[in-house]
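Before any questions on how it binds or moves, here is one chain, the form predicted on its own, in C-alpha cells.
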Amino acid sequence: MNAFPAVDPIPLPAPVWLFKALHVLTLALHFISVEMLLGALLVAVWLNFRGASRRGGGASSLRLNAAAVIARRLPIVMTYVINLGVPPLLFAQVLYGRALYTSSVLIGMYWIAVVFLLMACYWLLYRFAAGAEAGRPAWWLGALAYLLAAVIARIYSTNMTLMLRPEVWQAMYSTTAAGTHLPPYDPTLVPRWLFMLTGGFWVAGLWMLWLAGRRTIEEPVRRYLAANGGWLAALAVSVQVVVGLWALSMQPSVVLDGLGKNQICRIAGPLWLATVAAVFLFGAWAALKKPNSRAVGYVSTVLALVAMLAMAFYRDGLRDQTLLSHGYDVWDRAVVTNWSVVAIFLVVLVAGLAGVAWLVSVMMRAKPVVEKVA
C-alpha cells in the first residue's frame, strides 16, 4: 500500500525541471541568509560578552565595536531569511506536497509554533542590536535569540526529515492527530541539524571579511574583522566537512547507491568539497594578511554562493533518492505547460531582481556614516 496521498489531478503549469531549478536557486539564497544569521549572531554574542566583561583595553574596544558592526545588521539579515524562505517552501510544496504536507500536519503544533518563535527571535535581535550599538552587555539577549533560531532550525530539520519517512506516519497519526507528537528517532536528524548550525560559522567568517572592506568602519575594527573572520572561516569549514561526512554515512545504503548514479550529485558533491577547500585556504590567507579591500569581500560572496548552490543541488538529489526508495518519483507528474504564464512569471522575477539590485546600488552610493559604539 502506498503511504503517500494521491497525486493532485491538476497538472503542473510548467516542466518539473523548471520548478526544481527555481527551487534549488531560491533555496541556496535562503541558506546563505540563514547561515549568516546563525553564525554571525553567535559571533556577535561572544564579542559583546568578552568586550563588556573586560573593559578598559584596546582589545575590549575592538570587540565591542566589532560586535556592534555585526549586530546592527542582523535584523536586516532576518528579513532576507524570511523573504527568501518563502519561494523555496512554495516550490517544495508543488514538487513534494504529498510528503511535505503530511509531515507538516503530523507535527502541526511545532510547525505553527515557528511563527511565534520567529517573532520573538526578531524582537530579541532588535534589542540585542540596540544594546550592542550602545556598548552595553547585551550578549544575553543575543544568546536567547540564537537559542530560538536554533530551535526553529531543529523544527525545520525535523519536518524535512519526517517527510522522507512515510513508514512512521501511520503510527504517529494513530498516537495522536493533534500534531503534538514528535517522530521517532532518526539517525540522520541530528547530523542534518548540526550541519546547518556549523555551516553558519564559516559563512559568518566570510561575511566578516566582506564587512572588513566597508569604508564606514574604522580601520582597526576592519583589520580585526578580517583577521578573526579568516580564522573562523578556515576552522569552521573544516568542522562542517566532518559533520557532512557523518550525515552522509547515516544514509541508508539504497540511498547512497542512488546518489552514486545521480549525475547531478556526482558533480555537486565534488564541487562543494572543492569550494570549501578554497574557503579554507582563503580564510587562512585572510587571517594572516588581514585584508580590508572590497575585492576580498567579492571573493567571499562568490565562494559562499558556489558552496550553497552545490550543497542545495546535492541536498535535492538526496531527497529525491530517499523518496524514490519509498516509491515517490518527483518526475512522475502530469504537465500541461502554460508558457504565457511562465513567461510572465520570469519577467516579474527578473524585474524584481533588477529592482533589488538598483536599491543596493543606491545604498552603496549613499554618503557613508562612520560606525562606532555609542
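Residue numbers run from 1 along the displayed sequence. The shown structure was predicted, so the numbers you read here are calculated from the model rather than taken from an experiment.
One more form of this protein exists, namely the form predicted together with a small molecule; it is left out here, but the text below deals with it.
Visitor: Looking at L27, V45, M36, A66, which has any heavy atom no more than 4.5 Å from the small molecule in the predicted complex?
Guide: The residue in contact is L27.
Visitor: Select from the listed residues L259, M196, I107, M172 the one whose heavy atoms reach within 4.5 Å of the small molecule in the predicted complex.
Guide: Of L259, M196, I107, M172, the residue with a heavy atom within 4.5 Å of the small molecule in the predicted complex is M196.
Visitor: Closest heavy atom of A268 to the small molecule in the predicted complex, within 4.5 Å or not?
Guide: A268: no contact with the small molecule in the predicted complex.
Visitor: May I ask you to state whether Q251 is within 4.5 Å of the small molecule in the predicted complex, using heavy atom distances?
Guide: No, Q251 sits far enough from the small molecule in the predicted complex that none of its heavy atoms falls within 4.5 Å.
Visitor: Would R192 count as touching the small molecule in the predicted complex under a 4.5 Å heavy atom rule?
Guide: Close contact exists here: in the predicted complex, R192 approaches the small molecule to within 4.5 Å, heavy atoms only.
Visitor: Might A71 be said to contact the small molecule in the predicted complex, defining contact as any heavy atom within 4.5 Å?
Guide: Contact check for A71: no, nothing within 4.5 Å of the small molecule in the predicted complex.
Visitor: Does the small molecule come within 4.5 Å of a heavy atom in each of R165, I264 and L323 in the predicted complex?
Guide: Not a single residue of the candidate spot has a heavy atom within 4.5 Å of the small molecule in the predicted complex.
Visitor: The chain here is shown without the small molecule. Which stretch in 210-218, 131-139, 177-185, 77-85 comes within 4.5 angstroms of it in the predicted complex, by heavy atom distance?
Guide: Only one stretch passes the 4.5 Å heavy-atom test: 77-85.
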